[in-house]
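So this first bit is one chain, no partners, the form predicted on its own, shown in structure tokens.
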């Protein structure tokens, strides 16, 4: 009940309709229980007296009750089905919004398949339970109680026997819950893992084919699928065991009651009409009693789904909006790092921070290149500028304002990023380019494409309205990078952060992009992670990052002359560049 109770904020707008659905279903059950009473009156009255004309009255009454029951069932469906879909939509929207707000560190930990299974399978199960399982579980339990009342009123002895022999059903159901909850949770987690495996295989299909590892991926998938199959069989066995008792106990109860009822009737303690009504009522109760099994299993599955849903919704959003937000009245684009530290929450104790006390001041309109060996913390430092991760010490300022004092929307409107690993969305080229500035004009799109040397987009089948495939994998790596760069440029930010956005470009295209970028960078503050000497040439100054610390800042020519580590880094970049050129020639 604690787990299911957490759904109340989502269910509250639909609660009145769900309650009305329960009332309609309850009336349907009570109407069904009244029919045996009509049969009792018919058998003990007109039929025993030989008055056949009264049969027509009973026929009309039973027909009316049957029609009333059908109408109530139809009303129950009408009341609950639409609100259930609204509740599911509200939960899915809330989950998606929360996923968008959660920091990147959360998404680093959680497999996408697990999130997908919660957003689709678990929410669908919750919706079906609210619209069907909950209503029938409550109504059937009430129907059983009312039906037992009718049985006792007909024959106290038979009613008592019916109740006593039905007690094992409750005991078996409680034992079933303890076992089934564990298995159901394991099954749903395995479904999430399997979804992750499918997603990774689809996204990495080129790699699997290129390395001939399709059979290996299939074997791994088959192993996970087999584990899930085993769990599902274990679930099925648990449910089958429950059904065995839910069918056996009522049948045994029916047989014993029939024996006692016949003996009572032969002794004159029970009329034929009462005996008929008793077993007709027991027949009406048959479905409510038997349905308890699958309704309980559905309820326990839903409890697991609710637990899994709130595992995500309970994740705290550590990148929070400020209580007293500030705005930048006169934006210039000055970017400053003040003693910035960062370490991942799960980093081993005693290890150094990944970003370990960075102090760096980038003047408005200046282009700063950030260079360092692999693993020195360059990409992490750039991700901190837009609060993709939160600094664990120090501060980052824009025009003298701590970025934690800015609303996230304002912060990310002032800083645009282009990553080395360019991600595009299943939308048109135009929509991808204007992602950071949806109100941009066609001229803005054209200018951004020209700067990024992405004119190839105009030659696609539908031009700029061509829908790019999932993650842009229908394009080459260089084409994706150029569109991602165009997206950053089209946003017209005060500060442009580029994390080696030219790594997949050929030599000639890179030179054209760098020449066009110089025009943009004359009026925009830029922090560029440089993995190529040519990218360093774009910068006014260079910051050298070593083991998470800035060890030198200055013009390229000055650092080459005075800093040994910088010379080593540049020589490493030139060696990598030489290898890349040789590969292009081949």
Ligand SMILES: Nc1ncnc2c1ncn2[C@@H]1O[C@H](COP(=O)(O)OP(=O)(O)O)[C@@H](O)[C@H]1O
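Residue numbers count along the first chain shown, from 1. Because the structure is predicted, anything quoted here is derived from the model rather than measured.
Here the subject shifts to the form predicted in complex with the ligand, a form of this protein not shown in this document.
Three-residue candidate spot 428, 450 and 462; no residue lies within 4.5 angstroms of the ligand in the predicted complex by any non-hydrogen atom. Under a 4.5 angstroms non-hydrogen atom cutoff, the ligand in the predicted complex lacks residue 100 among its neighbouring residues. Residue contact with the ligand in the predicted complex: residue 322 places no heavy atom within 4.5 Å of it. The shortest heavy atom separation between residue 119 and the ligand in the predicted complex exceeds 4.5 Å.
The ligand is not drawn, but in the predicted complex it has a heavy atom within 4.5 Å of residue 354. Shown without its partner, this chain lists 76, 414, 487, 378 as candidates; in the predicted complex, only 378 has a non-hydrogen atom within 4.5 angstroms of the ligand. Checked against the ligand in the predicted complex, the candidates 221, 344, 456, 310 yield a single residue with a heavy atom inside 4.5 Å, and that residue is 344. Exactly one of the stretches 378 to 386, 269 to 277, 476 to 484, 441 to 449 approaches the ligand in the predicted complex with heavy atoms within 4.5 Å, and it is 378 to 386.
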